[in-house]
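Take a look at this single chain in structure tokens; it is the form predicted on its own.
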């Protein structure tokens, strides 16, 4: 299931960040009564009527030619391009301004569904202020109050009506879909080109589910692959080339549609905090993961260099202990031949299912090796275990009391399952449940 994307757009100081924080349920955006506080797009997940979607807060669109304002306007335009539905926010107390009309002109060109939110209508007596905003040409305005949470339900009802079909279901085939994520200039495009140039058997370029993204299909040794484009770094001009922060939402979209995610690290510059943040999205999504250290040709090496770099990766990415690490160079093609076989292996592990009888034999051996702990005089009893899902492999352990399942013992069971069945490259989820 792919998530729809909603962008909150408007001129400065109409309450976009307040609405954003209200919808996502926590104070993520900085809220100050000062125009231009939100400097970049901010992303989070929101939910309404059991429908989850990605929400983008944007900097205010301003008509000034000041460099910072121009950059904010460009970032807002990117958010508009990425969105499925746009919430156009205006200040009900101030009426339509010239800046509102400029924003409206931008939104007319987007050809996206636009829901008009008239903010700062804090009580019923102010409802008549909405009629002026019909003149903007976006149909029914919805009066809301970000500070008090009024009217947001009606606004969201209208927003989700415009969501595209979210059933992003692929045919049940053996095709492996993988994406490359990472900060700018780590060599994602070079890796794609190296893969495709090496194989020279591109089947087709087909339109992806995100605007301007192209999924590239190719075949290698009778195996079908699709590279899911993370989009944006190519042919998007200076905004993407000069913005240090990677387009997170596009990476999230690619992750959602992937079986395998390649987390690309630049061997020359090493690991930075942004690498860990990007990898965390793939881990939380439950995808198979391969850590790819690119530009290995640019590193001065001795016999210990690779081991030292691998140790550093393991230290920095402790939450990805299951992910294999590949060192290669897209530029020189050195070790490129190791990449596709590893993608196949982790994809198969991600989809692997284990027979219940074999699984329980492993659990019984684990219990004999390390008996369950007692907490406050109560001992955890494991009755049986079964796999309930794949992609990622998900197990339910039926116990006498789930509260007695300490995370350290859960980790012990995960390690025993990995030892017995592999699962290299894929996260494993374990849930303790009471047997009914």
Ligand code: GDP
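Positions refer to the first chain, counted from 1. Basically, rigid core = biggest C-alpha set you can superpose within 1.5 Å across the two forms. Not measured: the values here are computed from a predicted model.
Here the subject shifts to the form predicted in complex with ligand GDP, a form of this protein not shown in this document.
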- Candidate from 254, 87, 186, 289 lying within 4.5 Å of ligand GDP in the predicted complex - any heavy atom: 186
- Selected contact from 356, 269, 321, 147, since only one has a non-hydrogen atom within 4.5 angstroms of ligand GDP in the predicted complex: 147
- Message: Against ligand GDP in the predicted complex, would residue 349 count as a contact residue? Criterion: heavy atoms within 4.5 Å.
- Response: no
- Item | Interface membership of residue 261, ligand GDP in the predicted complex, 4.5 Å heavy atom rule | no
- Message: When the contact criterion is heavy atoms within 4.5 Å, does residue 12 count as touching ligand GDP in the predicted complex?
- Response: yes
- May I ask you to check whether residue 93 falls inside a 4.5 Å heavy atom distance of ligand GDP in the predicted complex? yes
- Options 340-348, 109-117, 325-333, 129-137; stretch whose heavy atom lies within 4.5 Å of ligand GDP in the predicted complex: 325-333
- Item | Members of 398-425 lying within 4.5 angstroms of ligand GDP, judged by heavy atom, in the predicted complex | none
- Task: Answer yes if the Cα of residue 146 shifts by 2 angstroms or more between the shown form and the other one on a rigid-core superposition, and no otherwise.
- Result: yes
- Query: On a core-based superposition, does residue 359 travel 2 Å or more at its Cα between the shown form and the other one?
  - Reply: no
- Comparing between the shown form and the other one on the rigid core: C-alpha of residue 100 shifted by 2 Å or more? yes
